[in-house]
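Below, in structure tokens: the form predicted on its own, a single chain.
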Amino acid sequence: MNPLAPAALVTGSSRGIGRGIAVALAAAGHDLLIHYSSRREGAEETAAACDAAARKAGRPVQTRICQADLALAADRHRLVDATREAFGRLDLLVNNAGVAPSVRADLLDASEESFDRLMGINLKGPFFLTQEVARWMVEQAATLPAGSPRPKIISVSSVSAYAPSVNRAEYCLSKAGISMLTALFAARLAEHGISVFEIRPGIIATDMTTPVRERYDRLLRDGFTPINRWGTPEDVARAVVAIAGGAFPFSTGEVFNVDGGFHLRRL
């Protein structure tokens, strides 16, 4: 354990945006707890990538891997306990884990089964994980010297938090909930010096967007976003590293759009 290295827990970091975030944090000198749900091989690949990035940056770090179903209380407890055991501290929680509907169904045909699955993983899990982590961070903050960096919480949502897609309503609702989660915890934890942020990605090239790659390629060719390209996990990771590094000391509850300008309304 390196007592000088900040420690981060990144959920859903076995692939995609989560992997990009974990690797960038490792390069910035963070010890990492890499969470996965079912792809241990992917988590191990992320750990190897983190180690390589940290060595290249001259900042050797420690990585640990932990499996958890975030919809289950016992698994969330185990994830937090694993972080405590590995590092004894937590400076940054990144709520990134999320799933898309197994079947894109019209709003009038959406099933309760799909709704419950997405809400459990995408919203209930982050809410109660953040609650448990926040209690720990409050304890930590009370022991920190004045002027020292305070813990931070970042949740990754989506432009789907406000842009309706009627063939994946449950996903949109879960991401809209993440926006309110951010506001609630930002308001509650400010007195302890703990800042809470939302990062709102747009069209990001990951395995989740692979099934709709052709559609978005066509939209981008037609000028869909002002910055007219696919986003990458690294684009999202840069925002996380900036926040983690203390670049916004007078901000909390803030939303960072990493969407190529999708949120702009143009005439």
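Don't overthink the numbering: it's just position in the shown sequence, from 1. Computed from a predicted model, the values in this text were never measured in an experiment.
Just so it is clear, the following notes concern the form predicted in complex with a small molecule, a form of the same protein that is not shown.
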> For the spot marked by R39, Y171 and T206, is every residue within 4.5 Å of the small molecule in the model of the complex through some heavy atom?
Replying inline: yes
> Among 101-109, 151-159, 180-188, 137-145, which stretch has residues whose heavy atoms lie within 4.5 Å of the small molecule in the model of the complex?
Replying inline: 151-159
> At the 4.5 Å heavy atom threshold, is D69 in contact with the small molecule in the model of the complex?
Replying inline: yes
> Does any heavy atom of L9 come within 4.5 Å of a heavy atom of the small molecule in the model of the complex?
Replying inline: no
> At the 4.5 Å heavy atom threshold, is M119 in contact with the small molecule in the model of the complex?
Replying inline: no
>> If we define contact as a non-hydrogen atom of the residue within 4.5 angstroms of the partner, is I17 a contact of the small molecule in the model of the complex?
In response: yes
> Only one of A97, I194, L92, V133 has a non-hydrogen atom within 4.5 angstroms of the small molecule in the model of the complex; which is it?
Replying inline: A97
